[in-house]
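Before any questions on binding or motion, here is one chain by itself as structure tokens, the form predicted alone.
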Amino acid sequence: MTTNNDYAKNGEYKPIDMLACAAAKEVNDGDVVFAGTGLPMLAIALAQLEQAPNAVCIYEAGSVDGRPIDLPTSVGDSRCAYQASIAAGLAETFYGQLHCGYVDLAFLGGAEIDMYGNVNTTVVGDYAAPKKRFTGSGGNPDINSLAKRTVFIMLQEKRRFKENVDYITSPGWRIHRWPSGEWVHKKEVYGNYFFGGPTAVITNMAVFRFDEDGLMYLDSVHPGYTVEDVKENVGFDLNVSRVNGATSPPTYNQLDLLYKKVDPEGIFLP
């Protein structure tokens, strides 16, 4: 006999469900969370319905602590401001909240990431003559640099997990000191403006974290995948000695919440 708190079996949930549930676990009760459009919205809404009812959500376009009745379609959707403590603009969320050090957790994405958590959302190839140009930073470096913890949600591919990203849009734990080019801990460069950095990377295959030296390691592997599967989709020497077993799959209760309360319209869920 199954209960709502039992874990769903393989085939009973989709990859996006796994990502949303894994990301939701990163939210602590009382956290101030900077969330973007899509999966971060699912994660923070699910967390507020479960273990973090007092978590505060900040949407980039200007709302702070909103409790929308329906899932917003983007951070600029007017539904974000429903019951919000503040409904202002970018200046309030970035300078009034983020730059003042109030943000505990940020959810971000990226096209490429390296072993130190440096993220590229700018170009593939040479900056002056790129093979592909992306939309750019979109606040990514500010958010990652000034939140106390950052969780990246990304697609797992070898071309995305690189030894050196083509362009550092958002600095991780170790960056080049200018002009020497020496790799140093970003605290040495940021000084008083060092607030924190990336703590986890969640993909469709696994959860990664960062050790005391700022190096990425494999923490858990999602059901249906193996450590070797993950290693084959990473372009650098990945530390797998600290694997903590399998990532917990979604519970039936979490799936009910996602599809019946968080996103019943199917805005982001398939």
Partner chain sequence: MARFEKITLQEAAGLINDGDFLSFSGFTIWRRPMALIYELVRQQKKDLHLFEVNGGTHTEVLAGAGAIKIWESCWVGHELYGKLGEGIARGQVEGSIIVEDYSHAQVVARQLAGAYGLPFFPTALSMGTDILNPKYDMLSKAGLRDGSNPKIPVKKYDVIKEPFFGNGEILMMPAVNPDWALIYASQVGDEGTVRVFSQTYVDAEVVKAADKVIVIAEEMVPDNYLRQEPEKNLAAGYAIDYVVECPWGAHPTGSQFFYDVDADFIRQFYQVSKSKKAFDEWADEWIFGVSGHEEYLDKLGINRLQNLRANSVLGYSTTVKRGTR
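Positions refer to the first chain, counted from 1. A quick note: this is a predicted structure, and the numbers were derived from the prediction, not measured.
The protein also exists as the form predicted together with the partner chain; that form is not presented, and the subsequent description refers to it.
**Q** Of these, 5 to 13, 256 to 264, 18 to 26, 243 to 251, which stretch puts a heavy atom within 4.5 angstroms of the partner chain in the model of the complex?
**A** Looking at the partner contacts, the answer comes out as 256 to 264.
**Q** Would Y102 show up as a contact with the partner chain in the model of the complex if we use heavy atoms at 4.5 Å?
**A** Yes.
**Q** Would you classify G109 as touching the partner chain in the model of the complex, given a 4.5 Å non-hydrogen atom cut-off?
**A** Heavy-atom contact with the partner chain at 4.5 Å: absent for G109.
**Q** How about Q48 - does it come within 4.5 Å of the partner chain in the model of the complex, if we only consider non-hydrogen atoms?
**A** Judged by the heavy-atom cut-off of 4.5 Å, Q48 is well away from the partner chain in the model of the complex.
**Q** Report whether the minimum heavy atom distance between I113 and the partner chain in the model of the complex is within 4.5 Å.
**A** The answer is no: I113 has no heavy atom within 4.5 Å of the partner chain.
**Q** Under the 4.5 Å heavy atom criterion, name the residues of 68 to 106 that approach the partner chain in the model of the complex, in sequence order.
**A** In sequence order, I69, D70, L71, P72, T73, S74, V75, G76, D77, S78, R79, C80, A81, Y82, Q83, A84, S85, I86, A87, A88, G89, L90, A91, E92, F94, Y95, G96, Q97, L98, H99, C100, Y102, D104 come within 4.5 Å of the partner.
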